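Only one chain is given next, in structure tokens, and it is the form predicted on its own.
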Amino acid sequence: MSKVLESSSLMVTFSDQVSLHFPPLVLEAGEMVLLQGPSGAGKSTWMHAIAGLTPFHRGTVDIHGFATLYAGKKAPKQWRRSAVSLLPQKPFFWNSLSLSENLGLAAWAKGIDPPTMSLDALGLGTKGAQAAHSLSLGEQQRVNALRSFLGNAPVLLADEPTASLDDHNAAAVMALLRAHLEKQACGIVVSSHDHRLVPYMDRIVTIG
């Protein structure tokens, strides 16, 4: 395997001078890592720092094929478009657009061609013209996962992807992540309290 992500010890300091410290992390292509820890340990903050969304104040993040992200600096060009994909806990869609149009908008933002036949893979091929709010939460999260695959970024960060999902839908989302991992030369970090995810993981990292 080859490394797709190498992060040194990171420190994020907030306006009230409270700091969170995170251990080094190396992620290999084809590897899915579970990031776990108590509420308040900073799992989401760590992910957002790696994604270039939250500034960090010590350390570096390297993603294979892209410029290094340094403490106190803005994310390098193409970082959020092509280097890292973030699957958020709560699906967000423009309700004025159909599901297919939402996927097309995400593709446009990444500078790639709109996906074709994508919803068919989820068994939702007949619902492309519908608005997102017409789907169940489980269906929305599967579309959310599908959207995060666009562009085939080498690093995918999934923040509590199975929160509020029943066993069936949680398994469906994790099966999608596993299938994407096996198809693409990427690495995935999943932040979650959900014990149901452990069997899907190659490794567990605990913080806090």
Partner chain sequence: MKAFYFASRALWHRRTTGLFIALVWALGLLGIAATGRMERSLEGQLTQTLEGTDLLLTAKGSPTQAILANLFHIDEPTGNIGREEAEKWLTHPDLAHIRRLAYGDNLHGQRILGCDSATWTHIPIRTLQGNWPSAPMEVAISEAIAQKEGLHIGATFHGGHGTVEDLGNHDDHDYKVVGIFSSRTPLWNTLILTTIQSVWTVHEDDQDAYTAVLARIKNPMTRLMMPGQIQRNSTFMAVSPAMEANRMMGWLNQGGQVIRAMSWLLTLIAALSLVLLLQSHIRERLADYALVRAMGGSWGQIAGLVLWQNILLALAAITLTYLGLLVAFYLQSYWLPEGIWLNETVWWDLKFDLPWLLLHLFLAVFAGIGPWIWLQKIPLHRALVDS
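Positions refer to the first chain, counted from 1. All figures in this text were calculated on a predicted structure; none of them were measured in a lab.
FYI, the form predicted together with the partner chain isn't displayed, but the following is about it.
Using a 4.5 Å cutoff between non-hydrogen atoms, A121 does not count as a contact of the partner chain in the model of the complex. Although the partner is absent here, P114 sits close enough that one of its heavy atoms falls within 4.5 Å of the partner chain in the model of the complex. Contact check for R81: a non-hydrogen atom falls within 4.5 Å of the partner chain in the model of the complex. Although the partner is absent here, K90 sits close enough that one of its heavy atoms falls within 4.5 Å of the partner chain in the model of the complex. Comment: 53-61 is the region of 53-61, 31-39, 173-181, 160-168 lying near the partner chain in the model of the complex, near meaning a non-hydrogen atom within 4.5 Å. In the model of the complex, the partner chain lies within 4.5 angstroms of a heavy atom of only one residue of 120-156, namely R147.
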